[in-house]
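We begin with a single chain expressed as structure tokens, specifically the form predicted alone.
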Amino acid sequence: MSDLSAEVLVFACSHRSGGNSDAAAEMVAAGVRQAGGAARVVVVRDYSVLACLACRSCAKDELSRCVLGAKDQAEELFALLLSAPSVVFVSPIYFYALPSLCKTWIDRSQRFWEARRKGEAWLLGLPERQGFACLVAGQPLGQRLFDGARLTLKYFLVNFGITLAEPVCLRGKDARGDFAADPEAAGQALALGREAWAAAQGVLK
């Protein structure tokens, strides 16, 4: 697809710089490159994103535009998501969910839900793509520890024509350096990067 970039995008969703999920994001990107692909790590905390106003303006607008579109950088992040042949979200788990900065951005995607509901061709014409996630939790236990984040990502991405694969879920990664000290976790992240590049190749043919 000529309108897609040739890079797998790895969204690093942590509020903390240099933590375990940041390390996992870099390892996922390394896996993409190991497989011969190109990857870019997009650090969500580096972008300014205002909270959705729940004003319903996007529902009424002919092109489902957001009234906050020119006031922050949410649209820059959406443009990256729209152009990626494959995406990976790497996130810590905060209280059984995604961090608030990432969730604030996801809430702003209401305009894409509205556009899909209205059958707008610019959105429905996107190619079907594959999405991935690596979820990193400090807690070692909890049967439903990852459910909230997985479901949020699944229904966020579907509006962009992206189907979320079963996430890689890492437990017990709390103190800084826990991920780096776990060769098995590093191997899972590398494998996820290779899988994401394979999925991207299928779209870029």
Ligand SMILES: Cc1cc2nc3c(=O)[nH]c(=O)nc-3n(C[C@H](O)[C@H](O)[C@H](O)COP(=O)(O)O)c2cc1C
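Note that the structure is a prediction, hence the values are computed from the model and not measured. Throughout, we count residues from 1 along the sequence that is shown.
A second form of this protein, the form predicted in complex with the named molecule, is not displayed here; the remarks below concern that form.
K.L.:
Any of the heavy atoms of residue 93 lying within 4.5 Å of the named molecule in the predicted bound form?
P.N.:
The answer is yes: residue 93 has a heavy atom within 4.5 Å of the named molecule.
K.L.:
Would residue 22 show up as a contact with the named molecule in the predicted bound form if we use heavy atoms at 4.5 Å?
P.N.:
Although the named molecule is absent here, residue 22 would touch it in the predicted bound form, with heavy atoms inside 4.5 Å.
K.L.:
For residue 174, is any heavy atom within 4.5 Å of the named molecule in the predicted bound form, or not?
P.N.:
Yes - in the predicted bound form, heavy atoms of residue 174 and the named molecule come within 4.5 Å of each other.
K.L.:
Flag residue 161 as yes or no: does it have a non-hydrogen atom within 4.5 angstroms of any non-hydrogen atom of the named molecule in the predicted bound form?
P.N.:
Heavy-atom contact with the named molecule at 4.5 Å: absent for residue 161.
K.L.:
So which of 137, 39, 153, 66 reaches within 4.5 angstroms of the named molecule in the predicted bound form, heavy atom to heavy atom?
P.N.:
Partner contact (heavy atom, 4.5 Å) among the options: 137.
K.L.:
Which residue, 35, 165, 169, 145, is the contact with the named molecule in the predicted bound form, using a 4.5 Å heavy atom cutoff?
P.N.:
Contact residue from the list: 145.
K.L.:
I need the one stretch from 111-119, 125-133, 74-82, 93-101 whose residues put non-hydrogen atoms within 4.5 angstroms of the named molecule in the predicted bound form.
P.N.:
Going by heavy atoms within 4.5 Å, the stretch is 93-101.
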